[in-house]
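Next up: a single chain in C-alpha cells, the form predicted on its own.
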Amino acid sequence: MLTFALRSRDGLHARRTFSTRALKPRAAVAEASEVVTSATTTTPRTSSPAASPAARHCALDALLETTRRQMGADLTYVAELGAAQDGSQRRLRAVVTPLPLPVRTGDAEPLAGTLCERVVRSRDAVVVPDTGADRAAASARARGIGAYVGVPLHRSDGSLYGTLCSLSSRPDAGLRERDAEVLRVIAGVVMELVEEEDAAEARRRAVLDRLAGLDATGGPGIVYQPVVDLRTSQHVGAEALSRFPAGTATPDVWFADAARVGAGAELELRAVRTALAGLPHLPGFVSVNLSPATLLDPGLARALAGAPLDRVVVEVTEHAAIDDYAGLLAALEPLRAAGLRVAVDDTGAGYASLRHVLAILPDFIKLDISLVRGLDGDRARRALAAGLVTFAESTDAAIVAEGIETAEELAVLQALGVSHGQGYHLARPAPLVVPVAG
C-alpha cells in the first residue's frame, strides 16, 4: 500500500502551511502549454519530426509540476489503471513532488480503498478538502493524505485510462470544484502526452523486435563496391555496404531507427565485424561507414581488434553533426597511429562535410555523387572538384569520386587529377565470392 505520510528524520509529521491562493485556470493551462511546446520543439531531433520519448516524459513531468504548484499541493501524479490477478490496480505513470515522499513513478497498488477508486467509479471529479471530515476517506487520512482532488483521464477513443490527482498532507479548506476544473482542462494535455509516449514506445519496441530478428539471421548482409585507382584501373579497395532483408526499409532507415532507440552503435558495429570478415579475400583496404557517435563508442576498438588496421578505412558521413571534434580526434588518434585511415564521406553535399574535412584532415576525401553526377557538362561542378583536388594534394589526402556512371564523367575526373573512384561505370556492389578450396 502506498503511503503519502510526510515524516521528518525524528519520525514526526512535517508541518506545512498553505496560504490562500487565487486560482487562475487559464494561467495554469497557458503555462502548461508553454512547457509542452518548449519540450516538444526545442529537443534535438533525429529523422523523426516528433520529440523523443525522453522529451515527452520530461514534458509530462513539467506539466505535472506546473499543476502541482497551481494547486498548492504536495504531490501530483498520473495513475494508470490495469488488471492484475488479484483484482484491479493502479500504477503511478508519473509523479512529481518536492518532498522526500516514499512514492515513485512505477509504484503500483490495488485500486480498492483509494480515492482514485471513487474517481473511477463515478467517472467524475472528486474533491476532498479534509479527509478527516469525510467518512469515506478514512483510509486516505490514515495514510497521511489531508486533502485530495482527482479527475478521470480518458483516451482519445473515450475509454478510461486512469486518474490525474493532486494531494496534500494537511487539509486545505480552500479546495473547491474550480480546482477540479483546472485538472479537467489539464487532463486533456496530459493524455495527449501519454498517448504520444505510448505510441513512441510501441514504435521503439517494434524497431527492437526487427533488430532482434535481424540479429537472429546474422544480418545485416554486406556487399562490397570496388574502389578503383583511376590512373591504373586497378582495384585498390572496397566500400562495405550494408544490405537488409528484401521488402524492408532502406539501409539509411534501418540505421536511423536503430539510433533512435539507442541501438545505433550496436547495429553499425555488427556491420563492421561482418565487413572485416571479408578482408582476407579482398584486395587492398575495406572501407566502413560509421557515425560520429559510434566512433566514440568503446565497442569500436573491440570490433577492430585483430584486424590489420592499415587495411581499414572508416568513413565519417556528412549527415551526422559532430559537436566535439577534439574528442573525436582524441578517440581516433591511437587507431590512426596503428594504421587506420579516415575518410570524410559525401564531401560537397553540404556544409557539414567541409567542416569535417577541415577538422579531421582525412586520408580520403570522397566527392559526393551530387557533385560527380553530370560533372562533364557543368563548369561549376568541375571548378569545385578541382578545388578539392588542390586541397587534397596540399594535405596529403586522396580524392575518391563516388557515383561515376558514365565514361564522360570518368574522363573529366581523370583530367582533373582525381586519383580514385567508384560507381556503376567502374564496378557494381556485389557479395563477396570466396573461392572454394580444392
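Numbers for residues come from their place in the sequence shown, where the first is 1. Since the model is a prediction, treat every value here as computed from it, not as a measurement.
Just so it is clear, the following notes concern the form predicted together with ligand G, a form of the same protein that is not shown.
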All of 236, 285 and 313 within 4.5 Å of ligand G in the predicted bound form, heavy atom check: no
Answer range among 374 to 382, 387 to 395, 400 to 408, 59 to 67 for contact with ligand G, defined in the predicted bound form as heavy atoms within 4.5 Å: 400 to 408
Residue 289 within 4.5 Å of ligand G in the predicted bound form, heavy atoms: yes
4.5 Å heavy atom contact, residue 268 to ligand G in the predicted bound form: no
Distance check, residue 176 to ligand G in the predicted bound form, heavy atom within 4.5 Å: no
In the predicted bound form, residue 154 touching ligand G (heavy atom, 4.5 Å): no
Among the candidates 143, 336, 91, 243, the residue which, in the predicted bound form, approaches ligand G to within 4.5 Å (heavy atoms): 243
Within 414 to 428, the residues that have a heavy atom no more than 4.5 Å from ligand G in the predicted bound form: 423, 424
